[in-house]
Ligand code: SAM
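Have a look below at one chain only, the form predicted on its own, in structure tokens format.
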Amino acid sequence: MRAAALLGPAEIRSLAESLGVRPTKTLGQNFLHDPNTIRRIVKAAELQPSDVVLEVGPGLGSLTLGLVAEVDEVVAIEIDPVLAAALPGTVAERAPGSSLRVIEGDALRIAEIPGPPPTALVANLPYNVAVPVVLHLLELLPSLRTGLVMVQAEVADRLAAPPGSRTYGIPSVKAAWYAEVRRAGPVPRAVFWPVPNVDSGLVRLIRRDPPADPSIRKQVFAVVDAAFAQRRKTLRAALAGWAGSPSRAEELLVAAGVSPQARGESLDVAAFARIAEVAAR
């Protein structure tokens, strides 16, 4: 572990002022400024020195500094060109000898990560794109074995929700295709600048094998989308459009060992996979 001078509230505001940066809602910019929270996130990520950490939306570098002190290499994807250009200098000044690669771009549009493949995702994600970013990166990068992401508290609940719970839905099932997902604690609003008007939470992901052949993922996700598009309806009715008719939906459900009278919120990802497998035969 190498030394790094973390950023506090005064340093964050001074750095932003020097760069002419004002946080924007469009990019979901709420900058972390509490060193204790940064240390807590890094500890909860359970990183190994050999990990290549992928950070999305590093902003002014608060979390980045905590990460480069813990691992041999960090890859940061930043959509704001001013922040992307400034980040290497901040890290060089406050954590000398660290290895950082910065990719300027939109994490949702990234098609590849050059260099050694990332093994861990640790990020303070913009609230408005958190779920699509997590799912995109898990699909794009099979090398990612673990993740710890900070998202809006309600999104954290949805990602980690078990079948049958009130918050269980499309994000829950799709995340479960890739990983075991659980809540890893709350994050108070006061550790951000500007202070957001919603609570935040940490989500821990541990990669696992999907419940079916990875080649049918798109078909499985299509079943999930159809089931939750009309979540109050039985699966026989909700999947009628996807299957071609209610009777065909019932036939597929029975063959997959799922009650046609069940609702999507009661099924785990393995059950959705069985439905897609039966349909693909």
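So that there is no doubt, residue numbering starts at 1 and follows the sequence shown. Only a predicted model underlies this, so the values are computations on that prediction, with no experimental measurement involved.
This protein has a second form, the form predicted together with this ligand, left out of what is shown; the following refers to that one.
Engineer: Hey, with this ligand in the predicted bound form, do Gly66, Glu70 and Ser98 all fall inside the 4.5 Å heavy atom range?
Structural biologist: Negative, none of the three is within 4.5 Å.
Engineer: Indicate whether Leu54 is a 4.5 Å heavy atom neighbour of this ligand in the predicted bound form.
Structural biologist: Although this ligand is absent here, Leu54 would stay clear of it in the predicted bound form, with no heavy atoms inside 4.5 Å.
Engineer: Evaluate Gly105 for contact with this ligand in the predicted bound form, applying a 4.5 angstroms cut-off between non-hydrogen atoms, and reply yes or no.
Structural biologist: Yes - in the predicted bound form, heavy atoms of Gly105 and this ligand come within 4.5 Å of each other.
Engineer: Are any of the heavy atoms in Gln219 no more than 4.5 Å from a heavy atom of this ligand in the predicted bound form?
Structural biologist: No, Gln219 is distant from the partner.
Engineer: May I ask you to state whether Asp80 is within 4.5 Å of this ligand in the predicted bound form, using heavy atom distances?
Structural biologist: Yes.
Engineer: So which of 179-187, 205-213, 139-147, 71-79 is the stretch with heavy atoms within 4.5 Å of this ligand in the predicted bound form?
Structural biologist: Answer to the contact question: 71-79.
Engineer: If you check Leu32, Leu252, Leu235, Val223 against this ligand in the predicted bound form, which one has a heavy atom within 4.5 Å?
Structural biologist: Of Leu32, Leu252, Leu235, Val223, the residue with a heavy atom within 4.5 Å of this ligand in the predicted bound form is Leu32.
Engineer: Considering non-hydrogen atoms and a 4.5 Å limit, which listed residue (Ala120, Val173, Val91, Leu125) is close to this ligand in the predicted bound form?
Structural biologist: Filtering the options by heavy-atom distance leaves Leu125.
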